[in-house]
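Laid out below as structure tokens are two forms of one and the same protein chain, each shown alone and named structure 1 and structure 2.
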Structure 1
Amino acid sequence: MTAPDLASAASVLDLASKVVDAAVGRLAATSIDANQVLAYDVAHAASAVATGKGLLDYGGKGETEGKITCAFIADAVAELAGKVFGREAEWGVDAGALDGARDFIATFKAPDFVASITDPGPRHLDGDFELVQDTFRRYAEQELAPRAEHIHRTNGDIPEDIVEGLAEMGAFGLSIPAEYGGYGEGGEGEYIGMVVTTEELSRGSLGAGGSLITRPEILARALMAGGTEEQKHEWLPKLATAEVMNAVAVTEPDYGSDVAGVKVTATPTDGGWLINGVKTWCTFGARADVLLVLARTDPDRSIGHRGLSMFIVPKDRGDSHGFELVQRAEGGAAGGGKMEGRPIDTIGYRGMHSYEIAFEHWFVPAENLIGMDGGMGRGFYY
């Protein structure tokens, strides 16, 4: 059986790096706007090369690790070659720039070689994270995987005992600092814990729980970045225990990647704000107790992302197959605001459910603007 060859992997990556550098040089000399297709391809290629370089260390840790590394690099460089082929002038390289990678690719992209990698490979995480990995892997195998098919076939909801089980295990507080009721200890580790947990849960099922903790993660990050102390003490402990579950309402029908352009408005009213407009792809929006909504607080659209602020928008739980909520008059608000959620049938993501959500004069109390006065126009950054 073919043995991994990390020395060759490193030199193949050097060739790929040179190709990427040449194209980056061309982009720098012209403009990204004028060369969008090249910029897009180069961005993918550069991240593949960087990942390959990062893997070389990992590859040296054992036979399986070495095989995974060589297979990845062969695949990434073959893909780069496909992008460059026939467009060498655009990339600013010679026609044979990647010829030196041919043997390596033939060896490590060979179906037999790839098929011989049957083990996902040890991750060599720091001690505590191995424990996190094992714990959530076990949970995913025992609790998520056996129920995933039923949830999918019936377009069902995530059973509440899964939310409770994960909350008991501390999954929702992994990146919330201990002083706010979570288990985070600061530093890069916080992210790793959350990533490892999400990966393990998703191994069991994405729709039945794999992406449950990413939403509170986003809200917690926004609060840590811009929330007032009062807001942090109010919301973070509740997020950490899943007493409050949230969804994220950023995307709109005409604005996905281009978040800076979103149009949903928040206009000041007595004691708070009124939200109007339509969000889409709001995952978990029915079950959620609050929505994290990015809205335009400055009517001057020409200031783009600087006119956006972030709100924690309370709501009742709704039926996962579609919901229509009408706001009661309370807390000084006139009431009558409406929120309507229309489900988007999403293959592979049932259980979580995603929604288009229309807001009509939905009232949000003033204290739910993240950062209060200091948070005005800061939503995009949070």
Structure 2
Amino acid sequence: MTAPDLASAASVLDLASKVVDAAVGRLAATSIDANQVLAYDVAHAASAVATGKGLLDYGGKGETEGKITCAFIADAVAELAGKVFGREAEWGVDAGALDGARDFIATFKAPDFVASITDPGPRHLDGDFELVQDTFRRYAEQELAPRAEHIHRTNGDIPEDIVEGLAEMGAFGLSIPAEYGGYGEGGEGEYIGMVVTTEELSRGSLGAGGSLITRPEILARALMAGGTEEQKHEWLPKLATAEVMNAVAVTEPDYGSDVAGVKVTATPTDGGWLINGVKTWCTFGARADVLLVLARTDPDRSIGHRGLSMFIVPKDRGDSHGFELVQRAEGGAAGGGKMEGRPIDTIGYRGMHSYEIAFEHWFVPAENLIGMDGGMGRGFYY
């Protein structure tokens, strides 16, 4: 049986790092916009190399951990080699820059070696995170797993008692600071807690569990990054208790991962903003009480991502099979705005439902621009 070789793993990662650094240097000397394919490949490669380096310490904790580490690094560097082969000049490296990794990849990417890893490996969590793991694993086994297949096969709604149960357990407030009604105490720990919880809930159901808590996480992070104190005190406690559930409306039909190019607009009006345009893949959009909407507040599209701002957009809950909402005028605010949600059939995430959502003069109060005046043009970063 092949034994893990962490020294060789570190050496192989060093080769990969040099290749990535060379490509980063080329991008810095030219333009990411002019070299988008290379930039995309380098971003993936850099993430894989960083993950591999992070695994080296884990790999030293035991034989299973070592096997997992070597298998991951072999796979990651083999994938990088495939991107570089024939494009060495573009990456700024010599032909054969990764030849020193061949033997390592052949050994630790071999089917027999990978097949020998039958144990997912211990996590080596500390006591607090072990408790988080055990708590949410029990909930996933007892409450999610027995209902997951029915939700998936019928594309049914996620039962409200699941939402309520997770809220009572604090799942929606894991990374919201305690001062705002959550359970976060700051530091890297709250990220680990969120990851462990997501993994455990996903064991029972990705759609009805693991993915369910990520949308409040995204809005909470945006508020913590740029929200005013008034906005934090208004929204974070409601997110932590699931009094308010949110969806994320960023992607557009012609702009998927190219977030900087989105076209949905927010134009000033008396007391706030009017949202116009179409978002897509807005998961959980019908059940949500608010949408986190990225919109263009500067009509000059040539400035790209610098013209985008982030809004918290309240709405009534809609029917999961499609909804059309008409806005009522309240307190002198503009009325008559429309929001229409068309469900998109998906293979996965069934039960959460994804939507194409069209906005027509949908009014958003001025105080719902995240960061207020300081948030203008900062939506891309949030």
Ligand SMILES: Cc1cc2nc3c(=O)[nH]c(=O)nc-3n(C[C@H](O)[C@H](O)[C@H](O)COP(=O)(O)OP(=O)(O)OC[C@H]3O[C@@H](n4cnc5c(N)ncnc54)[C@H](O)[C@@H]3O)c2cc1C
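Throughout, rigid core stands for the largest set of C-alpha atoms superposing within 1.5 Å between the two forms. Numbering runs along the sequence of structure 1, starting at 1. It should be emphasised that the depicted structure is a prediction, and the values quoted were computed from it without experimental measurement.
Give me a 1 or a 2 for the form predicted together with the ligand.
Structure 1, which is the form predicted together with the ligand, differs in this respect from structure 2.
Degrees of turn, smaller rigid part against larger, between structure 1 and structure 2?
Relative rotation between the rigid parts: 13 degrees.
Could you tell me the distance the CA of T51 travels between structure 1 and structure 2 after a rigid core superposition, in angstrom?
Between its two positions, the C-alpha of T51 lies 3.3 Å apart after core fitting.
Core superposed, what is the CA shift for A115 between structure 1 and structure 2, in angstrom?
Its alpha carbon moves by 4.7 Å.
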